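This document opens with one chain alone, in structure tokens, the form predicted on its own.
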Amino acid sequence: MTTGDNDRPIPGGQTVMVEFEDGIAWVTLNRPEKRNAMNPAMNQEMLEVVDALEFDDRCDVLVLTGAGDSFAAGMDLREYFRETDGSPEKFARFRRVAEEWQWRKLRDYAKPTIAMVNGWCFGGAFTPLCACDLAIAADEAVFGVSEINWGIIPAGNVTKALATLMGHRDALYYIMTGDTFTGKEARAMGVVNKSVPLAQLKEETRALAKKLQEKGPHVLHTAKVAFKHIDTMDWDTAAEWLKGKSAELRTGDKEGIRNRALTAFLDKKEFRPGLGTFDRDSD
């Protein structure tokens, strides 16, 4: 770790870099010479970073991106496969750490998360891409799952990520052919929320992060967790589960967003949904 304002520790510093900017934590995978391929050292550091940032008041929104011209080229095949041949225990430990940050923690993370896909995004990179709440890609970004060419399948929950992000036919096409697709094509298939020219990518991501910062953090977290979990429920189960989440939100929202927003809308006529945003900082 390095230190920042007032000598407060900043997590990361080796294969992961963290920069704070007005409540945004820019988290950068930092192995540009390897196109940010995720090796055991990076995965261990990323686990420490997401753990540290989850309750760091300098982080309202976490943005995940990559150094250089890549988001991440997937898993480091040499360090994960060749160097663990004959050592299933070592491979299991490496895999457990990778899974912990790439989807177990990120999927229901306490803070909003945005994947900023600045370049190459391959294989294992689809797992954290999918686990992040939102994603913006550069038009020039190149996506692909090339595992079929190495005699392996998209594991590490990559196949689950593709099934979540893509339609059935699109996912099978790219899994079975190993073909690549661009940021614009990723947007058309729903893999990312938006695709913009690379020169505009950081500013677009910053604007989205700022929009998320305007929302009540507890409301935002409850809404995203609710959405992510109802996908596997039937309608009756979802209705009951959402009823419970709504009640939980009423008791857990220390800012009282619901009552304040309803008062501002119904009584004070201060904003109109769809035409304006409730000001969390107003009395």
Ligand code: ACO
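Each residue number is its position in the shown sequence, starting from 1. Everything numeric here is computed off the predicted structure, so don't read it as measured data.
FYI, the form predicted together with acetyl coenzyme *A (ACO) isn't displayed, but the following is about it.
Contact annotation: acetyl coenzyme *A (ACO) lies within 4.5 Å of heavy atoms from the stretch 29 to 37 in the predicted complex, the single such stretch among 44 to 52, 234 to 242, 29 to 37, 220 to 228. Put simply, residue 112 is far from acetyl coenzyme *A (ACO) in the predicted complex: not one heavy atom of it is within 4.5 Å. The shortest heavy atom separation between residue 160 and acetyl coenzyme *A (ACO) in the predicted complex exceeds 4.5 Å. By the criterion of a heavy atom within 4.5 Å, residue 124 is counted among the residues contacting acetyl coenzyme *A (ACO) in the predicted complex.
With a 4.5 Å cutoff on heavy atoms, residue 150 counts as touching acetyl coenzyme *A (ACO) in the predicted complex. Here is the short version: of 93, 210, 104, 78, the single residue with a heavy atom within 4.5 Å of acetyl coenzyme *A (ACO) in the predicted complex is 78. For the options 73, 192, 141, 116, the residue carrying a heavy atom within 4.5 angstroms of acetyl coenzyme *A (ACO) in the predicted complex is 73.
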